[in-house]
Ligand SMILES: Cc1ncc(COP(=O)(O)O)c(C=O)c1O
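The chain below stands alone, shown as structure tokens; this is the form predicted alone.
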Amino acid sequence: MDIEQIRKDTPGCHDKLFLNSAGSSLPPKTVNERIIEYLEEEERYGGYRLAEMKRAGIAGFYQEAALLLNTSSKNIAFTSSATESFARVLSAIPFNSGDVILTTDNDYVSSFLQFLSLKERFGVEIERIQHLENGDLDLEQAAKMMEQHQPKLVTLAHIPTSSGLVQDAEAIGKLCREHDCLFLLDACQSAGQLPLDVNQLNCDFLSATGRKFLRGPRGTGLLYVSDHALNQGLAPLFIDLRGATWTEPGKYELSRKARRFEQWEMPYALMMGLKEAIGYANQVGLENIARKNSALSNLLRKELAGLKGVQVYDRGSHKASIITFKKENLTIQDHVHMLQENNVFFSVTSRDSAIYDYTEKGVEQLVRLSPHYFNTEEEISDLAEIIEQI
């Protein structure tokens, strides 16, 4: 990994300590160049004509995303966000009263809200896989719950937004195959941070966003749909001419590709930006990115552990490049003021985004730091000195 070239490609990393890639990361400069280039051409040719002219380039998005996930381009759909991807999948599953969604304590807040909406509207039941004392999923209990409840859908956040816990998605996917359960993986925080192979994960669906560790533009996301799900005829409740062909007055025929989950109106300029971001990640290599992120996050946890009064709240036998912490006897506003004064970019996560997790941990808010591979060890040391002064 050529860190000097990567930082040269990332103009935004030079004048600040940027540690908020779990929120919205810094894109390589070529990402915005591709977006602007497309918009300028759209100004000359108009949207319809340019989309025809750029057909091969547009197809390249699906190819890069397929390479990222080790699948075929026909199994990829473009969306505006991970949440939109997630919602379209939920709308495709024919839930009935009494059907069970099996999830965990660490799913994303928007996912839980969608589950609760399904419960109120259709009588869907929500069950949660419990975790072990160290934070890992209780896989033995998960197997028993699948056997007992025969869930219509199993879903989990690969990495929650509220901590650095990496949940064992591969083990859950294997159990889902054994129990013939649909499996939806929220890879919002793992796409671009960890290598993802949908064949090893055994997921039927995978949702991801562009703006986080993939370093793409806001307003972009992607959805993987397996052949297993496509062959079942699963499709969003509200499809349009992108996802189906109107064949007769009372009939339509679904697209055979994951693009049945798309809508016809597409922000092609943003798609070109996401294509560039995914291509950049593929070129650097997800194995390389994962190793660098692991080294940076381990170093940051070690530095924080050596500071008096600092508590790190992340659990699990496998941790990601998200670190949540606070200093005893200080308010979150004390942390925010000091970090902002020193030009540190970060996030604060609150209990209303992690009801189960933060209630168990006994906290209302934590500072969230998320280094990425364009960060350096020197920046981590500088950050530790700043935190020590809070």
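Counting begins at 1, following the sequence as shown. Since this is a predicted model, take the numbers as computed values, not measurements.
The same protein has a further form, the form predicted in complex with this ligand, not shown here; the description that follows concerns it.
Visitor: Which of these stretches, 237 to 245, 80 to 88, 169 to 177, 291 to 299, has heavy atoms within 4.5 Å of this ligand in the predicted bound form?
Guide: Heavy-atom contact with the partner occurs in 80 to 88.
Visitor: Taking heavy atoms only, is residue 108 within 4.5 angstroms of this ligand in the predicted bound form?
Guide: Residue-level check for residue 108: yes, a contact with this ligand.
Visitor: Might residue 196 be said to contact this ligand in the predicted bound form, defining contact as any heavy atom within 4.5 Å?
Guide: Heavy-atom contact with this ligand at 4.5 Å: absent for residue 196.
Visitor: May I ask you to check whether residue 275 falls inside a 4.5 Å heavy atom distance of this ligand in the predicted bound form?
Guide: No, residue 275 sits far enough from this ligand in the predicted bound form that none of its heavy atoms falls within 4.5 Å.
Visitor: In the predicted bound form, does residue 215 come within 4.5 Å of this ligand, counting heavy atoms only?
Guide: No, no contact at 4.5 Å.
Visitor: Name the residue from 159, 225, 154, 191 that puts a heavy atom within 4.5 Å of this ligand in the predicted bound form.
Guide: Of the listed residues, the single hit is 159.
Visitor: Please tell me which of 319, 211, 131, 260 lies within 4.5 Å of this ligand in the predicted bound form, judged by heavy atoms.
Guide: By the 4.5 Å criterion, the partner-contacting residue is 211.
Visitor: Using a 4.5 Å cut-off on heavy atoms, which residues of 240 to 276 contact this ligand in the predicted bound form?
Guide: Contacting residues: none.
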